[in-house]
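Okay, here we've got a single chain as structure tokens, the form predicted alone, with questions on binding and movement later.
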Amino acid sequence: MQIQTETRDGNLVLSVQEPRLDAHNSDELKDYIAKLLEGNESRLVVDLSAVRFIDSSGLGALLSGYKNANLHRASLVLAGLQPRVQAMFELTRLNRVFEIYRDVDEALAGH
């Protein structure tokens, strides 16, 4: 899985560089987020702008990261959801769980 990370304004920005977030790569993302949170990050911004498709495994990985962040007294927010991905969050009502921003800049300004 291709993931780029950078620190911006005290936030760790995690950019998922995959067109699909599904059963084939979601465990890798879940583990990656868990390792980052062990490093005492306080706020993760997950940029999903490159992701065109997400399934239940991908949603589960992000939800696991969200719960893990809460356990570490950190926050995990999402940015850049494409229309199909946004629709999945709305269908599963996970849009009520996550803070979702239009893009990374808005997510950085919104905290």
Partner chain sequence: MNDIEVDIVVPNQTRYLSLIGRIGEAIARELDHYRGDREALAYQLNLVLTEAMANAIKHAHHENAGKTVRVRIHIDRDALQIEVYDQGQGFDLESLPPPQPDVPVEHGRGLFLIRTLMDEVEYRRGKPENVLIMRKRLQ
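Predicted model, so just to flag it, every value in this text is computed and none were measured. Positions refer to the first chain, counted from 1.
Unshown form predicted together with the partner chain; subsequent notes refer to it.
Q. Every residue in N11, I33 and E41 with a non-hydrogen atom within 4.5 Å of the partner chain in the predicted bound form?
A. No: none of N11, I33 and E41 comes within 4.5 Å of the partner chain in the predicted bound form.
Q. With the partner left out of view, is A69 within 4.5 angstroms of the partner chain in the predicted bound form by any non-hydrogen atom?
A. Taking the distances in the predicted bound form, the answer for A69 is no, it never comes within 4.5 Å of the partner chain.
Q. Quick one: is H24 in contact with the partner chain in the predicted bound form, heavy atoms, 4.5 Å cut-off?
A. The answer is yes: H24 has a heavy atom within 4.5 Å of the partner chain.
Q) Hey, in the predicted bound form, does S64 get a heavy atom within 4.5 angstroms of the partner chain? A) Yes, S64 sits close enough to the partner chain in the predicted bound form that at least one of its heavy atoms falls within 4.5 Å.
Q. Might E28 be said to contact the partner chain in the predicted bound form, defining contact as any heavy atom within 4.5 Å?
A. No, E28 stays farther than 4.5 Å from the partner chain in the predicted bound form.
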